[in-house]
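Take a look at this single chain, the form predicted on its own, given in C-alpha cells.
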C-alpha cells in the first residue's frame, strides 16, 4: 500500500478505536477514492453497524476539500449502472464536479458510476486516438470515456449514447460545461435502436459496459468502418480469459468482418478473481 495511504489508515484506525471493537478493526478498509469533493469507500459486512462512525472519521481525516462520505454496500446494478452507495457523513447533496485530464465531469456521485480506476484507460484513449475521427460512445454515462476525446482530440464528431435519463442529463450538461457542443452530441435511448443509423461510419467505437450482450457487441462491430477500432470492455474471470476472444471472433464471422488485430489490455481488478479487460478490435 502507498505510504501516504498507510499513514492515513493508521490515523483512521486511531480515530475509530473508541467506536469499533478491537477484533473488528482489521476490517476497516485500506483504500478509498474521491469523485470531486465526495469520498467513497467499500464497507465490509462486518462493519455495517459502524458505517456512520467510519464516515464521520474520514470526514475529519482528508486534508483536501471533502464534503460528503459515501459507502459502497453492494454491486453496480443493471444496464443503467446504478451504484449501491449509502450516505455516511457530511452534506447530503451528492452532486459534484470531478476534474480530470483537463475536463469537468458534473455528476451525482451517489446515483451514477464514475470510476477513477479507469483514469489509465482515459489516458490511453487520448494517446492512441487521432484528430478528425468519427467516434461513437455506446455507453456514455456522463461522458466518462469520450468527453476527454472531445476536449483534447478535435474529433470530426462524437455521438454519445446513454440509456439512463439521469446520466443523460449530466452528459448534456458536461458537453456544455466543457464547451464541446460543436463536436459532441448526446442521444438518449437503447443503443441497439438509436445507433443503427450510424452503421459502418465510425472510426472508433467505445463499448465500455462490462456486461454487454452479443447483440450489442455485434452492433459495435457493425458501427465500425473498415480500418476502424472497437474498444470492447468486459469483466473477465481470471480462469476464463480466452472466452471473450472466442466470442469476438464468432461475432466477427457472423457479421462477415475480417479482423486485422485483436489485443487485450488490463484496466484494473474488478472483483475477487475477476479483471476489467479491454479488447481492442481492429477490423
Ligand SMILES: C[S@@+](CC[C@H](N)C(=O)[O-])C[C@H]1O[C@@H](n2cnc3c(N)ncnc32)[C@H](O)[C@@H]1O
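Bear in mind the structure is a predicted one, so any value in this text is a computation, not a measurement. Residue numbers count along the first chain shown, from 1.
Although not depicted, the form predicted together with the named molecule is the subject of the following passage.
### Contacting member of 178, 129, 94, 118, with respect to the named molecule in the predicted complex [4.5 Å, heavy atom]
That would be 118.
### Task
Could you tell me which of 197-205, 102-110, 78-86, 150-158 sits within 4.5 Å of the named molecule in the predicted complex, going by non-hydrogen atoms?
Of the options given, it is 78-86.
### Query
Taking 4.5 angstroms as the cut-off for heavy atoms, does residue 139 touch the named molecule in the predicted complex?
Taking the distances in the predicted complex, the answer for residue 139 is yes, it comes within 4.5 Å of the named molecule.
### Message
Does any part of residue 163 reach within 4.5 Å of the named molecule in the predicted complex? Heavy atoms only, please.
### Response
Yes, contact at 4.5 Å.
### Query
Using 4.5 Å between non-hydrogen atoms, is residue 186 touching the named molecule in the predicted complex?
Residue 186: no contact with the named molecule in the predicted complex.
### Query
Going by a heavy atom distance of 4.5 Å, is residue 174 a contact of the named molecule in the predicted complex?
No, residue 174 sits far enough from the named molecule in the predicted complex that none of its heavy atoms falls within 4.5 Å.
### Query
Using a 4.5 Å cut-off on heavy atoms, which residues of 185-201 contact the named molecule in the predicted complex?
The stretch 185-201, when checked against the named molecule in the predicted complex, contributes 189, 190, 191, 192 at the 4.5 Å heavy-atom cut-off.
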